[in-house]
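What follows is one chain in structure tokens, specifically the form predicted alone.
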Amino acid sequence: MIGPLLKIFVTNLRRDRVVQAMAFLLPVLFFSIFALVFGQQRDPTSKVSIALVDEDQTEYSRRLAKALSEEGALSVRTHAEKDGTGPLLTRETGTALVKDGIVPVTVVLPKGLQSSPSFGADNTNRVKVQILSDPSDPIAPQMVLGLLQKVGFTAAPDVMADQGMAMFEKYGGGLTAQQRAAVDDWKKELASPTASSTTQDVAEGFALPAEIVNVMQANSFGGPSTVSFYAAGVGVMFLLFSCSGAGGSLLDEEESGTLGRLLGSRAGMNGVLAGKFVFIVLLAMTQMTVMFLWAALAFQLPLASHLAGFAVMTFFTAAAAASFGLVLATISRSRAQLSGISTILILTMSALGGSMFPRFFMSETMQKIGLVTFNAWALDGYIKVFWRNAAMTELWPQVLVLSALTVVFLTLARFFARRWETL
């Protein structure tokens, strides 16, 4: 008895392409995506673009700036224009570059850096190099911090040694002529490319004071929050599921015979699809509103100060999701088939597009691949609104793509729906 049953089950599996994809294709696909994302988050051959502001304007700061510019891992920008023209960057313009997402880091060499002690008893009074960062890229600030320490040792070892000896003289009672001569010899050795490992180890005691400053979140409540990433990501993913489920009502109406009567009325197929589309758009907008309201109430997402941008992104996101749901419904032959197809497509789109984990954790190649998905454009729009405080006019790329997707999906849905008119 078991033999014939197994034969029946195998036959059913061979005939059901959706089940085959769910069982064999989807796990391999997800494994590949996660392996690509977490296995190579940043291309080691690519340079990190940073902005550099020199407020100190001393020989020391110029040597640090030159050393940073010569680092192979960095692409350093010091002027307003990318091609090196225009006025020098200031703290304000450098901060704007980070907030606008043009560079992940701006390094500020503050005034008084050379005269400030690099270590010692005056710890609280030290002037520190500031690394103004956007936490959406968690790797770049740490990388720049490490390179700063490197160039601090190699670009100006004599300055750092002088700072250390000045602190020693201040708190240690001064140096004799013989000790000063020994320090001068040590400085010469430190500057030499053949300096001994012992000398280099001692030099590491003179650390360049630096701190990472998050310019995107002035405080946990008033500024943008990482909550916006996850509210948008989770919201868009479940929006696609709900829209595909709502579009599946066409299949229920076909099974009950209601669809045939609707097609025979004055509404016709165009009227039926238009009605479904409007209903699903309103449902989707309500769903996203509830999601973001909860984020505002429970997690202090600054929704009230971003209502206009939220409304624009929610409308166009809902329209694209609704039309996508109608396409899935019109290409499916049953509710079960719709469920399988929508699960495969939506989970894949969500993994690539940033709904499951932020795209800024991915390599540049994976981020570009993610742009083929609906999710990536919707999430980029919400991030612009809540994270970067973008003006309404800056949303045009996302709005344009979502509008184009809506038109394309509605056209496809109307094309596939012709099968019901021939019944």
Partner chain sequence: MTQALEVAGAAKSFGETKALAGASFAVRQGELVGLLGPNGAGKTTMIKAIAGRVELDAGSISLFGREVKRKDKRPDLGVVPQELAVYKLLTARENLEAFGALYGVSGPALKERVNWALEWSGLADRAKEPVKKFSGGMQRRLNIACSLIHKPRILLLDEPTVGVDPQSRERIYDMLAVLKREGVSVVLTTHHLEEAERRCERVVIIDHGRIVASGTTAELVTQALGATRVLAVHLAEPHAENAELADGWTSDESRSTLRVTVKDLVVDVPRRLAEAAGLGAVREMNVTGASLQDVFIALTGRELRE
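Numbering follows the first chain given and starts at 1. It should be emphasised that the depicted structure is a prediction, and the values quoted were computed from it without experimental measurement.
As for the form predicted in complex with its partner chain, it is not shown, yet the points below apply to it.
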Requested in this report: Check whether residue 71 has any heavy atom within 4.5 Å of a heavy atom of its partner chain in the predicted bound form, and answer yes or no.
Outcome: no
Query raised in the report: Using heavy atoms and a 4.5 Å limit, would one call residue 255 a contact residue for its partner chain in the predicted bound form?
Result: yes
**Report entry** Contact label in the predicted bound form: residue 333 to its partner chain, heavy atom within 4.5 Å
**Finding:** no
Query raised in the report: Is residue 87 a contact residue for its partner chain in the predicted bound form, using a 4.5 Å heavy atom cut-off?
Result: no
Query raised in the report: Quick one: of 112, 275, 260, 146, which gets a non-hydrogen atom within 4.5 angstroms of its partner chain in the predicted bound form?
Result: 260
Report task. May I ask you to choose, among 267, 290, 311, 80, the residue with a heavy atom within 4.5 Å of its partner chain in the predicted bound form? Result -> 267
Query - Interface segment, criterion being heavy atoms within 4.5 Å of its partner chain in the predicted bound form, picked from 281-289, 103-111, 247-255, 146-154 - result: 247-255
**Report entry** Residues in 338-355 with any heavy atom within 4.5 Å of its partner chain in the predicted bound form
**Finding:** none
